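Encoded as structure tokens, the following chain is the form predicted on its own, with no partner shown.
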């Protein structure tokens, strides 16, 4: 019963802390730019407002457009049960998948939103779908290779085993395989969440939109689910980055509720560190021209590939 309760607490943690994490990033970026900025609780207010509104749906939309937000939202909730968020031991539903399985579920979420963008025949939706598909075709092979760097260290692509392998050995933490995988994964976190140098978050100018242009046709409750899901995706990838690659220590034990609560407190501190790093990059770098994104993601792919080769050379 304790493990089941922790499983529920972990999913609720992702569900309800994801908006405040996005709010923290927006607030911190505004402060760095000498602006007042919105409250860190603004995402909750936005959700409450959108959930009270009705949706305006194009007459050309089919069931695909209506179902996509629910499919994507369900995918992010599914990932929340199979990766280490608050405990260092697998919870009851962790058997559903490993890191590669989680990556495929995230791809399904993105694919459903892309189909919805094409479904209404909107020019902006088609533009966003085309751009996102192109970026994803470059980012997703890099993501799979990063998870192979995990396997090179722990002999498994299970995120819990990777956490134990790195947390239990300082030598494993400092291996080039781990450090190169860490750098490659962070580049993918930025790319998958539309952060600089890939995209300017929150910008509604057509020439610079990638992610946002896919969901311009949504409004009301469906748009609330889309935005909430995007915040959950950022939260999940940041949590994996911190708990598996950067700071694998501090997770709670799966045999007590108190351990799970301690894991939540540690997670908040880790995400604050990750958020500050993202804000520094967002405020220090200019956005790349669209066709330069291939070079950025190619560098991520090469880092992960070199990490895998280095790992097997060291082991042999």
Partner chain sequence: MTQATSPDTILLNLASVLILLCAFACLGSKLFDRYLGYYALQSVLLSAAAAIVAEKLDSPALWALAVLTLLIKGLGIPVATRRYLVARLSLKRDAAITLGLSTSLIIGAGLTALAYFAMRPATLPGPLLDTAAVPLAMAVVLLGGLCMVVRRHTIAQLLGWLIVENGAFLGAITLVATFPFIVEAGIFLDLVAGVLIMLALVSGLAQRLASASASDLRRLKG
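Values in this document were obtained by computation on a predicted structure and should not be read as measured data. Positions refer to the first chain, counted from 1.
Below, we refer to the form predicted together with its partner chain, which is not included among the displayed structures.
key: Candidate from 115, 71, 216, 179 lying within 4.5 Å of its partner chain in the predicted bound form - any heavy atom   = After the contact test, the surviving option is 179.
query = Exactly one of 152, 106, 187, 232 has a non-hydrogen atom within 4.5 Å of its partner chain in the predicted bound form; which residue is it?
reply = Selected residue: 152.
key: residue 12: touches its partner chain in the predicted bound form, heavy atom cutoff 4.5 angstroms   = Residue 12: no, not in contact with its partner chain in the predicted bound form.
request  = Tell me, yes or no, whether residue 17 is in contact with its partner chain in the predicted bound form, where a contact means a heavy atom of each within 4.5 Å.
outcome  = The answer is no: residue 17 has no heavy atom within 4.5 Å of its partner chain.
inquiry  = Please determine whether residue 137 contacts its partner chain in the predicted bound form, using a 4.5 Å cut-off between heavy atoms.
reply    = Contact check for residue 137: no, nothing within 4.5 Å of its partner chain in the predicted bound form.
query = Is there a heavy atom of residue 3 no more than 4.5 Å from a heavy atom of its partner chain in the predicted bound form?
reply = Residue 3: no, not in contact with its partner chain in the predicted bound form.
key: Which of 85 to 93, 122 to 130, 168 to 176, 217 to 225 sits within 4.5 Å of its partner chain in the predicted bound form, heavy atom basis   = Answer to the contact question: 168 to 176.
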